[in-house]
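Shown here is one chain on its own, the form predicted on its own, set out as structure tokens.
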């Protein structure tokens, strides 16, 4: 996390990042609309960010992130989405409330807390004792006003699900990452790439045991947009074909 940027300037970097992802570059009016601030505020913020070497800015021109600015913006986005996912997926908070809370907390959460939140969210989603039904049960618990569920019945259902999973459904099946559809998740079990290609994939966080989710696939199957450890990555088809995952 940057120790030299205010929460407000981090919001500007985050806004530029999202606008650029949609339009390749951002204009001051786009930033003003997204953050609901006036043009003079945008101008002042862009001058400060340009002075720190985080954006390329000149009056009446488009705004782009520098390499340094993009790296920092990706970190801010990762903090935001990790917090939002934790609030939504684990604490059963509504999307709107999760977004609002994440916006406020993303500026102060430490890297250690962030990494633990990512690991805990992945644990809850993949552990046989947890999983999506466990989260759904907690949501029901909240909606019911905090009444305790029937734990014995819950355990029985978990055992039945576990037996069914081992009886032949596709959960646990080993496939290449490219075979997963948008919205599906897998746990990396093997990297078959060699040399520099293997090193590049590992540096992106796609190491053994990492939980990866396919977000989007281009119409012709190349590239794939995936999410791993809170980061959004773009992979070529030939790269995804060298990554073996276990369906979750």
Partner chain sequence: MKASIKVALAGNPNSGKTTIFNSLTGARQHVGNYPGVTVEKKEGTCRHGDVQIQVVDLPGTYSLSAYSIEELVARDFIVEEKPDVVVDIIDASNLERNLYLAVQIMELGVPLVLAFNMSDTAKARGYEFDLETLSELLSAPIVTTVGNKGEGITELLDAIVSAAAKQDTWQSAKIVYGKEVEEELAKLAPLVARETAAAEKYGLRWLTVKLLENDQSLLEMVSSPELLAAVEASSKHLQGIFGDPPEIVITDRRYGFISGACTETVRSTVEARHTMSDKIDTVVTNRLLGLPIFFAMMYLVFQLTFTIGDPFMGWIEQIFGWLGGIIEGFWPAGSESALKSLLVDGIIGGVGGVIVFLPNILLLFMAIAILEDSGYMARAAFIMDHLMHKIGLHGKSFIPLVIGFGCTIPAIMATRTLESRRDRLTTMLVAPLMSCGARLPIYALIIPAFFPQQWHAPMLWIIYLIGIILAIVCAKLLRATLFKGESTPFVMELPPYRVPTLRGIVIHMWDRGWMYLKKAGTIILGISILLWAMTTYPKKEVFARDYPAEIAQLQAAYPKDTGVKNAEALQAKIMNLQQAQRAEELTYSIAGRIGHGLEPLLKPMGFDWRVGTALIGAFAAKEVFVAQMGIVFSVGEADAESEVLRDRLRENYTPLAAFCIMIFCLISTPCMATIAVTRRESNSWGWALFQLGGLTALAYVLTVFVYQAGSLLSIGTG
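This is a predicted model, so every value here is computed, not measured. Whichever C-alpha set is largest while still superposing within 1.5 Å between the two forms counts as the rigid core. Residue numbers count along the first chain shown, from 1.
Keep in mind that the form predicted in complex with the partner chain is not shown, yet the notes after this line are about it.
The stretch among 66-74, 25-33, 50-58, 198-206 whose residues place heavy atoms within 4.5 Å of the partner chain in the model of the complex is 198-206. Taking non-hydrogen atoms only, residue 227 approaches the partner chain to within 4.5 angstroms in the model of the complex.
Although the partner is absent here, residue 44 is not a contact residue: none of its heavy atoms lies within 4.5 angstroms of the partner chain in the model of the complex. The partner chain in the model of the complex is not approached by residue 17, whose heavy atoms all lie more than 4.5 angstroms from it. Although the partner is absent here, residue 13 sits far enough away that none of its heavy atoms falls within 4.5 Å of the partner chain in the model of the complex. Relative to the superposed core, residue 20 undergoes a Cα shift smaller than 2 Å between this form and the one not shown.
Residue 39: CA moves less than 2 Å between this form and the one not shown after rigid-core fitting. After superposition on the rigid core, the Cα atom of residue 10 is displaced by less than 2 Å between this form and the one not shown.
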